[in-house]
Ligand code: GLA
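Read the single chain below, which is given as structure tokens and is the form predicted alone.
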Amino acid sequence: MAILMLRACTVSTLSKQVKESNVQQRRWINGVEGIAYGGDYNAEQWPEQTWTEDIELMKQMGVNLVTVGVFSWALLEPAEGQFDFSFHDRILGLLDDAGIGVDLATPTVVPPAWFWKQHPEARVVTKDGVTLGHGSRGMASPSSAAYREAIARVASTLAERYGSHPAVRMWHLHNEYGVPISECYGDESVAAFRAWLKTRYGTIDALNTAWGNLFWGQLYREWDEIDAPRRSGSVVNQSMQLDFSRFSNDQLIGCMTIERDAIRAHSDLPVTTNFMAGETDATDYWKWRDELDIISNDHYLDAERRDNYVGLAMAADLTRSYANGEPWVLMEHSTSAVNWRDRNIAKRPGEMQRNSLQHMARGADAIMFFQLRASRFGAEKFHSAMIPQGGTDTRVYREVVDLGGALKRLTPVRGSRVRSRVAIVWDRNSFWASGQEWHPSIDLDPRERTNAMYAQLWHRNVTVDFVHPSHDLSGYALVILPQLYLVSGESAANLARYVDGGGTLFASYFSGIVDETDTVPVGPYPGQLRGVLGLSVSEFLPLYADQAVQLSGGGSGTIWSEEIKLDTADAVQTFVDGPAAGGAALTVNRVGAGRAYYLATALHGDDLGAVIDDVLGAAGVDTASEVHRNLERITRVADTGEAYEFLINHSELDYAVAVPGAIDELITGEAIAAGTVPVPAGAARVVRVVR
């Protein structure tokens, strides 16, 4: 048991190289030809006669991969240590006979009722001290010794029996780690937190220094005096909260690696787990990616946003970045409406195909759904599916069949890559720290700034990678820090080297404010970024909720301003009015062969777009000469040099798009006249190009 409990402290360190040419290529799904297509098949919800019908429909849909067993623990292990393989044997056999591959899941997201009866100590305790009951999913404490022992047993047993089964193509660990619960404040979690802190800091004095425990008299003398950062009378030590987020992430990784290693003892098939990139605040996926053979992601639209396809593109780019630019799996998305939003808006005709091809355009070589057949009971009975409640005589089913055919025709795209010259820095540690209490303005929001800047690049057809600030940035012409509140010394030095070597950096306000312990570095803001930005901030000047300030370049800023003292930087624009009137609002600092821009307020829409245009131009990044409103244009390039241009029309207008070097269009097979591709309203086209 001690070995299992210590796994969280031995996870691999963060990979620093994101664009090295010698990075070992990840493994891919075993034995699946073409683009993988399918979804979660929860066959246990249906009588066996339905399985036969479903498998025939899978063939009609073009399905070649299904996920099996995600929620099947109670069937597989009806009593502790007693296994019943009848369900798995039968369904895997039928799928194998049909030539349909299986992504076999460990069912550890839902422990059986007997587990909770025997191990009530494994229940999650919330920050407020409430012990949560079972009857849902994802509700076991990741620090529970009993839970860790149980997941090792079930994963090992599955792999021993099915590791060589001809239907099994890869392994699927758990389901959406950290959702809905990522933190536990129970006794076992507190004990594990103390052990994690001892490993991180070594001595109690080092911990006291890192946490700034002289403030408010919070000094510790013994490790067992430390508790989890529970709800208290006022703000709990922010450095402690930050470390608890890191610890909780590592505990989840520990559970994942326990399952992975149990499987690898019996099977050499690739292993994955489904991320929720951009949708959960619980996990630092930069620390997860090197533990897996294949990167997978789940994505569900915010259906009430009319431009939700921009957020979809961002999640796909983020997932591709976690995959180091290599092909990845879209493990789940929906054919139409989900069932947990306030208003579950159905997808309109063609939207499901556009969504699927967006993910593919941005690197996915597997398009999967939750789920294959709609449930008749349970919490997700109103969730859409590949086979809807209405059956095959429905628009959704017909579109699913059409998508399967399109993906088969897109087989040549498999293995090609997306290439980006622009990167946005994404650091979960900084998000965790910036989301805490008592900062200068409630309106400070790094996710909002990230979304805003990404959207401007999307509308310019500029493809984006996401990076950690310690990664090798040398392959990018432009790196953007939307609001990087926390910057370690290592990351600050890396950013400075990037600019000195000829890169262009664009930083937004409230960046570089604290180090990795949430401590303000000695001297003026922005701390360790002062040198590369060539300025210091004398005072933060946040704005009123309804206040706007004018800039000399004609734009209007909200939320924030500050008093800037220029050192080596030059003012590009100044504040015309407001609390910082006359002072610098947009600056540029030339460092070595590169330059660093700094924007001291929140610009929006076209005002932000105008600044980004200038920065892109300075970085030498070309934007598309022909931009159609809400037409997405992404290129994947094969090792042969052949390219595949995805044209996805989210507008209500018909477009004719010039594609130099176009050979043919893969979805429809239509001829291309004079390099011009018609893309009707709501349609998608994939064009083969030779350059």
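Throughout, we count residues from 1 along the sequence that is shown. Please read all numbers here as calculations on a predicted model, not as lab measurements.
This next part talks about the form predicted together with the ligand, which is not shown.
The closest non-hydrogen atom of Glu176 lies within 4.5 Å of the ligand in the model of the complex. Phe370 belongs to the set of residues with a heavy atom inside 4.5 Å of the ligand in the model of the complex. When contacts are judged by a 4.5 Å heavy atom cut-off, His459 does not count as touching the ligand in the model of the complex. Put simply, Asp518 is far from the ligand in the model of the complex: not one heavy atom of it is within 4.5 Å. When you look in the model of the complex, the only residue of Glu183, Glu562, Asp298, Glu188 with a non-hydrogen atom within 4.5 Å of the ligand is Asp298. Distance criterion of 4.5 Å from any heavy atom to the ligand in the model of the complex singles out Phe71 from the list Trp114, Phe71, Tyr201, Phe85. Candidate site formed by Glu332, Glu380 and His383: every one of these residues places a non-hydrogen atom within 4.5 angstroms of the ligand in the model of the complex. Exactly one of the stretches 333-341, 311-319, 449-457, 262-270 approaches the ligand in the model of the complex with heavy atoms within 4.5 Å, and it is 333-341.
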